[in-house]
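Read the single chain below, which is given as structure tokens and is the form predicted on its own.
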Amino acid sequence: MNSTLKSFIEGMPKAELHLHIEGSFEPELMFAIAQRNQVKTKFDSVEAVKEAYQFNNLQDFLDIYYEGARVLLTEQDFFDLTWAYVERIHAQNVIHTEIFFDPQTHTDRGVDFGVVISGISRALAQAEQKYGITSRIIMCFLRHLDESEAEKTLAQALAYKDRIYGVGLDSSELGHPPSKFKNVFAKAIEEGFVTVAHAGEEGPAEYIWEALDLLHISRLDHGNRSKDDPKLMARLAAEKMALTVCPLSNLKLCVVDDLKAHPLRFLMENNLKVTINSDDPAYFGGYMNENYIAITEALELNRTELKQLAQNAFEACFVDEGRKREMLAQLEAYFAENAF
């Protein structure tokens, strides 16, 4: 890729809609917090943590992901984790972010729900104050656990409705279809939460139908496998349902063997509202700029396609129309000022 295009992508205003805050835990910070909290992990150095991040499959990733989360105990830990992410995205010209967090990963270890949400939300409030970065918080249920566990988590979340915008569904997809969680999602909608769900990453297109029809999602996380079902693609296009696609994650977790074979352009050509996101950037080798650059290089995306991807994300944000217009105007101005 030529340096002009690379610099152009780096400077482009962006929104991120698919980011697990626990997945932004860089090795240096993990090691520092483990030492601060005197939590013994299986790593005796930052280098050992970095080595562990070179996993080979989804289970290896989840093992290190949960091992890292174990060191997070205090509100300050969750603030520091979130603030480190904020600093990185500010440097990459991300002006809006919608982040996932997994309360069950922490409450199951005895960490109070309020400790988790307070640390995350305090950092995001500071991000808006200091950098003008707006945000939303989405709480995810772990799909490998029972629906009854998700219902307990929803009950805990009600005290923090002013800070949590939506609920989602993540963790191991295969064998845990969206239908498993239809009751708790119905309750979440009754309580005024917006719903999203991971579907069609390693699971089949059928899981996407379930997420649409049973969980009544407002946005589809991943959604790669919609390419297998022309009827589904037509429906997603007609409903203008945004897909939060994560290229480097797909590569690292072997959803695709090569980014050149990624379905992103095919989905765009079928009028699907695709967006680019980083998922778990500390583990998957890149934040927003790295994802944009890697997929642009692999699929030879042009300026029109880049603009469409960025625009899709701003349009799919869970913010008021005024903020959307403001961000879209920033994007238009950037493209007008940076013709090449």
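In this text, residue numbers run from 1 along the sequence as written. All values reported here derive from a predicted model rather than from experimental measurement.
Here the subject shifts to the form predicted together with hypoxanthine, a form of this protein not shown in this document.
Chemist: Since exactly one of 219, 96, 222, 106 fits, which has a heavy atom within 4.5 Å of hypoxanthine in the predicted bound form?
Modeler: If I apply the 4.5 Å criterion carefully, the residue I get is 222.
Chemist: Go through 294, 29, 301, 58 and name the one with a heavy atom inside 4.5 Å of hypoxanthine in the predicted bound form.
Modeler: Of the candidates 294, 29, 301, 58, 58 is the one lying within 4.5 Å of hypoxanthine in the predicted bound form.
Chemist: Hypoxanthine is absent from this chain, but in the predicted bound form, do 174, 206 and 226 each have a non-hydrogen atom within 4.5 Å of it?
Modeler: No: none of 174, 206 and 226 comes within 4.5 Å of hypoxanthine in the predicted bound form.
Chemist: Does the 4.5 Å heavy atom contact test between residue 48 and hypoxanthine in the predicted bound form come out positive?
Modeler: Contact with hypoxanthine, no.
Chemist: Contact with hypoxanthine in the predicted bound form for residue 14, defined as at least one heavy atom pair within 4.5 Å: yes or no?
Modeler: No.
Chemist: Taking hypoxanthine as it sits in the predicted bound form, is residue 287 near enough to touch it, meaning that at least one heavy atom pair lies within 4.5 angstroms?
Modeler: Outside the cut-off, so no.
Chemist: Decide whether residue 198 counts as a contact residue for hypoxanthine in the predicted bound form under a heavy atom distance cut-off of 4.5 Å.
Modeler: Contact check for residue 198: yes, within 4.5 Å of hypoxanthine in the predicted bound form.
Chemist: Pick from 177 to 185, 73 to 81, 127 to 135, 164 to 172: which stretch has non-hydrogen atoms within 4.5 Å of hypoxanthine in the predicted bound form?
Modeler: Selected stretch: 164 to 172.
Chemist: Across 1 to 26, which residues bring a heavy atom to within 4.5 Å of hypoxanthine in the predicted bound form?
Modeler: Residue within 4.5 Å: 20, and no other.
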